[in-house]
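Heads up, the chain below is alone and in the form predicted on its own; it's given as structure tokens.
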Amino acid sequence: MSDTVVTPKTKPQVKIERPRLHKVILLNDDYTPREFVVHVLKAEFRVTEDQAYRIMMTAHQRGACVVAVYTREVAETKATRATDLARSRGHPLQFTTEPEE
């Protein structure tokens, strides 16, 4: 008889984490027409006219407003596309992203 002890191999457990979410934030400026801000919000973020107006007014009154929350890549893409659309039309409208806490 042999004295060899056989221990079963255990598989390492892989922890799957949800991707960290990022907020897309609309920054207020006093130069971009309100109608254009609403247009950009509806076009890029697929919100209704009423939702776009409320987002725009919140940013106007508070200086900034969270538009939506996405994964990092999607948030950065949407913020860039919305800012680029405004720049292409000569407006200083700006969207940024930051990690959600």
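Since we're looking at a predicted model, the values are computed, not measured. In case it trips you up, residue 1 is the first one in the sequence shown, and so on.
There is another form of this protein, the form predicted together with a small molecule, and it is not shown here; the text below is about that form.
Contact with the small molecule in the predicted bound form, defined as a heavy atom within 4.5 Å, is made by none of 40, 79 and 82. Although the partner is absent from this view, residue 56 contacts the small molecule in the predicted bound form, with a non-hydrogen atom inside 4.5 angstroms. The small molecule is not shown here, and in the predicted bound form it never comes within 4.5 Å of any heavy atom of residue 49. Of the heavy atoms in residue 27, some are within 4.5 Å of the small molecule in the predicted bound form.
In the predicted bound form, the small molecule lies farther than 4.5 Å from every heavy atom of residue 86.
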